[in-house]
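Given next, in structure tokens, is a single chain: the form predicted alone.
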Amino acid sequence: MRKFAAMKTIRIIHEKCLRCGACARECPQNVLIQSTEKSVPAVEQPDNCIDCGHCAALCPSGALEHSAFPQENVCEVREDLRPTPESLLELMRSRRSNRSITSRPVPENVINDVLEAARYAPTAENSRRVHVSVIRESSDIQGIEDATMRFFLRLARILLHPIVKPFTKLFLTDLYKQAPALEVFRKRWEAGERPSVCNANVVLAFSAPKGYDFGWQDCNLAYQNASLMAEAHGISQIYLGFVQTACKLFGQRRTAELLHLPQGHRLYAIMALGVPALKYHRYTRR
């Protein structure tokens, strides 16, 4: 049996409306229209609404009713909880890629807060097409580590072969310079560590549907939100560029299997989370 989407309803209670026009001015789809300066805004073509929530958040008198935002989901902003510009800047200045991670598990409430922060990141046209895969099974993380290391070691054997090495040095300078670091990674990996994922016990993969034009932007905005929340909790968060580079070369199918991506999704960012072993007491001016 075919299912139909519920009809979207937006209603303005005339008796409550202050006629300020804020909802109409800020509606990105022109669903709310104020014809004159002091008239009650009218609702036109509600199905064009993208559910951004600007109108519900702006209305000072609670005169706007929206089926996507029932009153219990419209919350007053706690100004006393908002960070000051100084405190937010201090968080950003002191945030570092702290790669000394312990084996202690990341608390569940921290993971939930990090995911909630990512969910509240802006997306193009409020499409909210970002998906965050949470990978915490030791075998799954080991699989990511092993696949990454094996790939780069095979590649290095080819590109650093005595016959090929001069061309690698000339045309693939960055890769050539990374050879010593890869050797360090190899020794750590063979000793039982997970250097590619920084020994993390939680990995977050940010993906969006393949072909979506703003996947990279939306995923990295979500990543930034998640990173700041992890930092606020005192949790290490590291961008796994080594793994991401490997995933680009693995191909879509293999990457989706390793990172448990939804069908048809492409990876755009990947983060390691862990309880830090060290604490940075200072930051350096840049």
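Only a predicted model underlies this, so the values are computations on that prediction, with no experimental measurement involved. Start at 1 and count along the sequence shown; that's the residue number.
From this point on, the text means the form predicted in complex with a small molecule, which you will not see here.
The single contact residue among 32, 247, 240, 230, judged by any heavy atom lying within 4.5 Å of the small molecule in the model of the complex, is 240. Though the small molecule is absent from this view, in the model of the complex it lies within 4.5 Å of a heavy atom of just one residue from 138, 127, 87, 97, which is 97. The stretch that touches the small molecule in the model of the complex, counting heavy atoms within 4.5 Å, is 88 to 96, out of 115 to 123, 88 to 96, 200 to 208, 72 to 80. Interface membership of residue 286, defined by any non-hydrogen atom within 4.5 Å of the small molecule in the model of the complex, is confirmed.
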